[in-house]
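Given next, in structure tokens, is a single chain: the form predicted alone.
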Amino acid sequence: MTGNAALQRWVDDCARLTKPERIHWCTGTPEEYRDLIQTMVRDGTLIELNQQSHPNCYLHRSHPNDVARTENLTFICTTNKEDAGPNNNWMDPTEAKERLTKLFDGSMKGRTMYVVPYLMGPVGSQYSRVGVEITDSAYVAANMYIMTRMGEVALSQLGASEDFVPGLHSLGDLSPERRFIMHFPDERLIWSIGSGYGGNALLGKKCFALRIASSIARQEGWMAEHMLIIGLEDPSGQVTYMAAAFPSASGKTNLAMMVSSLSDQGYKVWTVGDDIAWMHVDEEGQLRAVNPEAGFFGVAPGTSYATNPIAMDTIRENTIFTNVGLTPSNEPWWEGIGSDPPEGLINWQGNVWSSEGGRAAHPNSRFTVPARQCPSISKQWEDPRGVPIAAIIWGSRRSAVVPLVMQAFDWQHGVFLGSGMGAETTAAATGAVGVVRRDPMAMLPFCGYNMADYFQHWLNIGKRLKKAPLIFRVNWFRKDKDGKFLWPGYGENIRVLKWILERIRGSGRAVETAIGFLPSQDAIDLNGLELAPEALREMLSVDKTGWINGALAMEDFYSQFGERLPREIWEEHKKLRERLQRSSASSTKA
């Protein structure tokens, strides 16, 4: 129960519709979390892992048809279809509610309804927002405890206000034919049924913090972005903050928790957030960012002490693993963990694994873990004022064309670079893997309104900034003709960040090209790194034909937005093609 009348009315309405056996208001205490965990261990929802090696860690196995975000079943429900845009699936709000009301009717019979008040953002911050998720999944409630500031702290911040984002979730019968994730931006409302997977069911994450929040942000003049936030410490101890957008499962977490290969020089990366940034223009015209989440929902496969030791240390305790393999000693295992699969390994579906039987861990298997126990967590990660952003970085997995790093000419050009960003698809969303698709600002699945208006919003924000962050594009994934990666990546990416920092301070050497400012051949610190000179030349070259073809593909992508696409985007597109046509082997130092 709550003293907030609007919240109580909404909970009562949901209870009448879903007809649960009992209602539990989550308080967010550690004792409540332990009770949730033990309830799930008893009913088989969770498997207790080895408590000596992985204290307070558990394994959850999803239904095989419910292992990733279902973008084809995710809808933006606006009165005007054009407001949702071609980047979203659209359904009329009245039709959506009629369809889902039938599915929600009695969906919680015999189950517990968990009322989960949660706070997105630091406690006491003017930038933080309250959401309330109603769910019949104890697994969802436990994950929300990790991923948000849940319970009394949220109700305290809400007080008597009606300004909260309501979200109704039910597992239903987990049938894909009766699975929908509906967003109603005009009402700031979320309905989700038929899935227990994080991106579909943890409504504070993609649903609220991106799709609904992006719509709110446009109305109120701030930004809700699919971005990590890091602080780069230099040898003097000064920390410079950067926000970076990468599509899911393309190295975001590795960058957010990077172990610097230049630590002996005094360069270190601090983690503020690994997935989402809420950014505001402060009273001095400075862009500041907060991480609205309290935990990490990371991809397990490929995570190891060789690739991400910070993440490995983070997930040693207090972690819920989802759809990973299980060793005979009751420890989690996944492909790329750094050890061979042991005899007797159990796969993510609960069967004995064999080398002929496919993967032991699902490609999109996950870990949910509190951010506070990350060894590289920044002292400012919960600063209610947010951290000042000096650089914005676009990154995606591209095996060709896109250089290792480049800098936009200005804010407008940087928005253009982000708007045309292409990425090779991953297992984080259902569908084909390895296909290049346009993913502007890594927001294509998460922008809660017409993306043409989203580009305009970015351009408008730039006009309010007194000192706009510099904008960069990076690509760690360039390959040679034999299909081998040209750049070592991981901790060596600090060398690229060092050049970005130098550019922010006006000292980094660069050449002006048709596509942007690229590092000169001697600009990136390669001391101690065995890298063939021809590899660096290839990574920093301008593939004129590739960029011209890319510009043609961008034109096809932009055309779907019709007259809503900002003229500035078309202007930048035209200027790019003109520069490419004029370009030669020569370039100008900058």
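Residue numbers here begin at 1 and follow the sequence given. Note that the structure is predicted; figures quoted are calculated from it, not measured.
Below, we refer to the form predicted together with ligand SPV, which is not included among the displayed structures.
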query	finding
Touches ligand SPV in the predicted bound form: residue 275 (any heavy atom, 4.5 Å)	yes
Contact label in the predicted bound form: residue 199 to ligand SPV, heavy atom within 4.5 Å	yes
Residue 348, heavy atom within 4.5 angstroms of ligand SPV in the predicted bound form	no
Ligand SPV contact at residue 149 in the predicted bound form, heavy atom, 4.5 Å	no
Segment assignment from 200 to 208, 340 to 348, 82 to 90, 378 to 386: heavy atom within 4.5 Å of ligand SPV in the predicted bound form	200 to 208
Non-hydrogen atom within 4.5 Å of ligand SPV in the predicted bound form for each of 10, 75 and 183	no
Of 362, 129, 169, 226, the one that lies within 4.5 Å of ligand SPV in the predicted bound form (heavy atoms)	226
In the predicted bound form, the one of 323, 271, 419, 248 near ligand SPV [non-hydrogen atom within 4.5 angstroms]	248
Heavy atom contacts to ligand SPV in the predicted bound form at 4.5 Å, residues of 281 to 302 in sequence order	297
